[in-house]
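Just so you know, structure 1 and structure 2 below are the same protein chain in two forms, each on its own as structure tokens.
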Structure 1
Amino acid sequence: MSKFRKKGKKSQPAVNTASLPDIVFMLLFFFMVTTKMRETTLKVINVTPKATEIEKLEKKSLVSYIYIGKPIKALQGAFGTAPRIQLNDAFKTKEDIFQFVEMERNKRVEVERNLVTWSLKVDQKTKMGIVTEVKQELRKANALKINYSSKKTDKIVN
């Protein structure tokens, strides 16, 4: 009479995975709620500068983006290395900005058209010349509320 049964070939019962779908669904919903769809594929190198006094843009639906920077490596053969403006998914010139502003406005409900913030995502190595030109175009199109997109940092170094 032994109290200790010999561990024979009896295999351990499988781990119950019935709740696995629930866990995964929970994760899924979390990500669906907290993230937003990627809208554009970046065609320009875009490292925004750092700043300390950042304000968050409250309503995502009221923000339109203008990207400025050098074309990415893969496109430099075709487009060169001079900084370019990207609107939505394509390279555009500054003359297209007026039309872009109109199009973006028309996407929104009438009451919100004047509340759109134009976020300039400009690469930090870009020269101000092209940025000033874009700003002048925005002024012409009466798109005055702009945001210089930048990353949060604690201290500005020289």
Structure 2
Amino acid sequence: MSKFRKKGKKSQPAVNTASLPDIVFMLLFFFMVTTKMRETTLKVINVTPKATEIEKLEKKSLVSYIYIGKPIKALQGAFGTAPRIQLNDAFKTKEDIFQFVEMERNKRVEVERNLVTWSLKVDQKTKMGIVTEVKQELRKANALKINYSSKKTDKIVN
């Protein structure tokens, strides 16, 4: 008869890591596809006012934003503390709005060009003078669909 030998403790087999790179790349691809990067870098302080009666915009792809407010602290040395207009990633003057409107319209398909909504994201402490000037320039550029961005609140607090 043969003898059966017991071999000490048997170790567990090592975990197969062959599929690990596939999993890592799959996760990386998932996050690259689902993450939305911020389109513009804010250079102005932008705390929008609160409102009770607001409506959501239907198609966010048809919205172009104009930011108005004081420059952020890092840029106040160069640009001062007066309210500024930010179009895309740069400070512009009211005279540049017509060109900005034309450029934004030309980015879109011809059918959507007249459907663009111009959303004004204005800091709550900004005076209405600069906002009125921007609206006048938008009228000159025939950009008549204007929206004011705000945050929703249940009741207005003075």
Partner chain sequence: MARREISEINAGSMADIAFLLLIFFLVTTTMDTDGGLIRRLPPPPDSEATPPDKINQRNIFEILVNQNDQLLVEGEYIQVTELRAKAKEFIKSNPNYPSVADESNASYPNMPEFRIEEVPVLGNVLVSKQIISLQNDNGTSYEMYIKVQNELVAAYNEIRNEFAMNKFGKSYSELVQQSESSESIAEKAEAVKKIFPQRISEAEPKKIGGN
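One-based numbering along structure 1's sequence throughout. Model, not experiment: these values are computed from the prediction. We call the rigid core whatever largest set of C-alpha positions still superposes within 1.5 Å between the two forms.
Student: Specify the structure that is the form predicted together with the partner chain; exactly one of the two qualifies.
Tutor: It is the first structure (the form predicted together with the partner chain) rather than the second.
Student: Select the option from Ile72, Thr93, Glu102, Lys36 that falls at the hinge between the two rigid parts moving between structures 1 and 2.
Tutor: That leaves Lys36 as the hinge residue.
Student: Treating the chain as two rigid parts, state the angle between structures 1 and 2 by which the smaller one turns with respect to the larger, in whole degrees.
Tutor: Rigid-part rotation, C-alpha based: 29 degrees.
Student: Phe31: how far does its C-alpha move between structures 1 and 2, core aligned, in angstrom?
Tutor: Comparing the two forms, Phe31 shifts 7.0 Å at C-alpha.
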